[in-house]
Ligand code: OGA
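Just one chain is shown here, as structure tokens, and it is the form predicted on its own.
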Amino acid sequence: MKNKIENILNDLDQQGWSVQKQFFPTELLRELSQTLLLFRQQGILNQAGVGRKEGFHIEQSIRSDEISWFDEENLNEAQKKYLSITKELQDEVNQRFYLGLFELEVHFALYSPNAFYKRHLDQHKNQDTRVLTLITYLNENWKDDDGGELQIYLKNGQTVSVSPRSGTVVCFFSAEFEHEVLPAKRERASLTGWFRKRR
């Protein structure tokens, strides 16, 4: 794990974004995927929206996924292990970049076939507490023609296209990179989180 974290740190230092394959243990990814499916069966996935607090609203022309936030009072063992590993990453990022990150806010995201999230930036208006985005994919046996890529827009006009295969992790500075989720032919699952600093 130490080497994998070091790879992310080096990428963030050199280019501001990182894509790593097989960052989390395979069995943990399966347990997280099962947790998401259980949440769906229990009816605790909610239609995702845009904005925060008073500005929050559902806008399906912008995003059409369903989400479930981690509930700190009701975490299962898989969620706890996931947060333990991400805490290692958070500590190493703080040590390298002096960012003062203190927590990871994270939710499951489930995209039905043809669901999407239009090009956007991961910071709310007039708020800079989200510093580092972390996305973890949970889709086993994903094929290229299944679609559902994450498109990251770089400052030089180029794009990075990431297939949402299980085990792939994407990390980037939230204020610097616009990105979007393209429609997929099949259901697409992920964990999406943000390392935050205090206001």
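This one's a predicted model, so the numbers in the text were calculated from it and none came from an experiment. We number the residues from 1 along the sequence you see.
Omitted here: the form predicted in complex with ligand OGA. The next part is about that form.
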So in the predicted complex, are 63, 107 and 111 all sitting within 4.5 Å of ligand OGA, heavy atoms only?
yes
Assert contact residue (ligand OGA, in the predicted complex, non-hydrogen atom within 4.5 Å, options 120, 81, 87, 96) equals 120
Residue-level contact is defined here as any heavy atom of the residue lying within 4.5 Å of ligand OGA in the predicted complex; does residue 150 satisfy this criterion?
yes
Could you tell me if residue 135 has a non-hydrogen atom within 4.5 Å of ligand OGA in the predicted complex?
yes
Only counting heavy atoms and a 4.5 Å limit, does any residue of 174 to 195 reach ligand OGA in the predicted complex, and if so which ones?
179, 181, 188, 190, 192, 194
